[in-house]
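A single chain, nothing else alongside it, follows as structure tokens in the form predicted alone.
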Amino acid sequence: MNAPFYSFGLFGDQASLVVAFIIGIGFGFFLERAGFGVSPNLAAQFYLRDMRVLKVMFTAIITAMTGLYLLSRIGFVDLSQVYLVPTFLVPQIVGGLLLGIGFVIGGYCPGTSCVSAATGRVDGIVYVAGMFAGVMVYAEAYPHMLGFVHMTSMGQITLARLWDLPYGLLVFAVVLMALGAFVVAEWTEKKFGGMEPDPKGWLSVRPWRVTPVRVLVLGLLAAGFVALAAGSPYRGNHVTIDTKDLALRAGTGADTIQPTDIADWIVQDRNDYTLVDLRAAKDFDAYHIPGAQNLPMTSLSANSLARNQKIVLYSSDSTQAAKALFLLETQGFKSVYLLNGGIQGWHDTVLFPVKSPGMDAAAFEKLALVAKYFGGAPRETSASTSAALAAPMAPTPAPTVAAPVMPAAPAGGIPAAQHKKKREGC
């Protein structure tokens, strides 16, 4: 199975939390062993006396960058499935400056403060308490800061895409930059920190001598050279479509999701899917399924959706939705589905479900509760309707299909629509 394992279904939400917990324990253990749970060690980098933080961070960056690049090139990792945090340039610059100021004053970053607090250090505990207080203040102020928080949005961008650079060239440049930073860090430690050069651990002392550190550096440099010549790590968008498999899926309904399932996902606040409304903006504004995002066919592209989630498409036209599904599959999306019946199916089975003869009372009660949750109401079939259905039907002209009448939002709003969908990353 390829990575990332979560995106390809190796484990679900609960298992992913267990895996994250185990990885977090290991991460905290090594941070503490490296001395990152002691604030003077961290603050020393700002006085150029001890540059271990810079060395560790650059080592982590180039190890992850070259490792992911090479794993992607051999086909083990699909980088298109890795979540990228959206860029909001100005707010993130301001946030970075505030984080830096807090780092200088308190001697910790958020991760290292948790390590320090876990080992019982009072300054770490105070720092974590201040961090939680700041989070609560930000949460209260957030509704009043939306204009600032969402300004200068650049989407899920990478430097290579922004500057139109080959990915391999960027990887190689970052490796060279890290090696230069290591040498400069050793110079500052010697000049300002009074450290004695260590032939085993420093790069600038007796460079001809083979040490584990130099072997690691040479390996990373070699990986950078490979990246320079290997091209883009992302898989191409040219995908072979198996028309027989596509027809089989359409015939068996394997590519459809029921409206009642979507309703359950919304109520459960699941975060492993994206609901896409393909209708025009005016129809979307008039009514849409809670949590859906509006992407008409003209706006649908490979960069408009995350590849690491299920994508559920709906419209008022089943042909349009099927075209969108085919378009996304030709661009390499793995998990694309259609909402059965589209917006009309949502109207008939979720908002205004019909109690058919013989339906179990408990099952209909659940449908009624779900309908009420979304502002609808259940319907019961009348005797006249049942008789009409039983009578032979004479041929009649095809009626004009009117747009479904949607309910107004409940007085308190639809609770599920207020939830912010959880995302990967930090």
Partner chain sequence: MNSSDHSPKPYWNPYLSGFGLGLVLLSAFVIMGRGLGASGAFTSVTATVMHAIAPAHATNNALYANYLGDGTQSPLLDWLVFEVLGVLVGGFLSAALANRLKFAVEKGPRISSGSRLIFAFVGGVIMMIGALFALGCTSGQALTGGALLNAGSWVFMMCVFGGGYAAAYFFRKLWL
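Numbering follows the first chain given and starts at 1. All values derive from a computational prediction rather than experimental measurement.
Form predicted in complex with the partner chain: not shown, discussed below.
For the chain shown alone, Leu369 is not a contact residue for the partner chain in the predicted complex, no non-hydrogen atom being within 4.5 angstroms. In the predicted complex, the partner chain stays beyond 4.5 Å of every heavy atom belonging to Tyr373. Contact between Tyr108 and the partner chain in the predicted complex is found at the 4.5 Å heavy atom cutoff. Remark: Gly194 does not count among the residues lining the partner chain in the predicted complex, judged by a heavy atom distance of 4.5 Å or less. This chain appears without its partner; in the predicted complex, the one residue of Val276, Val115, Leu325, Ile257 with a heavy atom within 4.5 Å of the partner chain is Val115.
For the residues Leu221, Val126, Leu228, Ala280, the 4.5 Å heavy atom test against the partner chain in the predicted complex is passed only by Val126.
Figure note: of the listed segments 115-123, 285-293, 311-319, 342-350, the one touching the partner chain in the predicted complex, with heavy atoms no more than 4.5 Å away, is 115-123. Within 4.5 angstroms of the partner chain in the predicted complex, the stretch 21-57 places a non-hydrogen atom from each of Phe21, Ile23, Gly24, Ile25, Gly26, Phe27, Gly28, Phe29, Phe30, Leu31, Glu32, Arg33, Ala34, Gly35, Val38, Ser39, Pro40, Asn41, Ala43, Gln45, Phe46, Tyr47, Leu48, Arg49, Met51, Arg52, Lys55, Val56, Met57, taken in sequence order. The pair Phe88 and Asn271 is tighter in the predicted complex: their Cα-Cα distance falls by no less than 3 Å compared with this form. Note on Asn271 and Pro91: their C-alpha atoms are nearer in the predicted complex, a change of at least 3 Å from this conformation.
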